[in-house]
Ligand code: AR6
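Just one chain follows, in the form predicted alone, and it is written as structure tokens.
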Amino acid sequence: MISDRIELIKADITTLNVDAIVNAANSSLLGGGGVDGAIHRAAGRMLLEECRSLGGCPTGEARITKGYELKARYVVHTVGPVWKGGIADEPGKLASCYYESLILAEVNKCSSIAFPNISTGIYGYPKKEAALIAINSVNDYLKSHDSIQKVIFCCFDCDNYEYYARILDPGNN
């Protein structure tokens, strides 16, 4: 069963009023395109300064910073895998992004967190498979952790939104 603490929306993640938003970052953590660039622009230059002090982040791991000019108190930066056809443990690395992000959110006393569609942009991860991994990873985590009350999957594009909607509520599709 999918947790009642999971919500799906189509929006700009930088506008959300949650404890933490997740950044689909590159390993340098110094900004880039897509959601990464949008978060860095919206949070302001202090985010970049704090990210410089972190020394990067390996694929499948996560780091946390303040949210600065965002409504969110924190930004959890996670580095998703580049899709290589499934031969380089991409599913395990993607699932790890969600688990590691949730752990950091919990340690920092966040009760709400919003995720973008990690690795489905320029990293080329197939959207349907990524949505299934995201939902299953979050649902598994929530089964044994009570402190996070709301997890939002925030989709920017229609394709990702439709995949998430079909998985979260298969009876309505």
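Throughout, we count residues from 1 along the sequence that is shown. Given the structure is predicted, the values throughout are model-derived calculations rather than measurements.
Heads up, the form predicted in complex with this ligand isn't pictured, but that's what we're talking about next.
The partner is absent here; in the predicted bound form, the one residue of D36, E129, E106, E61 having a heavy atom within 4.5 Å of this ligand is D36. With this ligand omitted here, the record of contacts in the predicted bound form names 36 to 44 of 36 to 44, 51 to 59, 138 to 146, 66 to 74, defined by a heavy atom within 4.5 Å. Judged against this ligand in the predicted bound form with a 4.5 angstroms heavy atom cut-off, the residues S3, Y99 and A134 are out of contact without exception. Heavy atoms of E162 never reach within 4.5 Å of this ligand in the predicted bound form, leaving it off the interface. The shortest heavy atom separation between A114 and this ligand in the predicted bound form exceeds 4.5 Å. Within this chain, A24 lines the site of this ligand in the predicted bound form, having a heavy atom no more than 4.5 Å away. Heavy atoms of C110 never reach within 4.5 Å of this ligand in the predicted bound form, leaving it off the interface.
Residues from 61 to 89 do not approach this ligand in the predicted bound form: none has a non-hydrogen atom within 4.5 Å of it.
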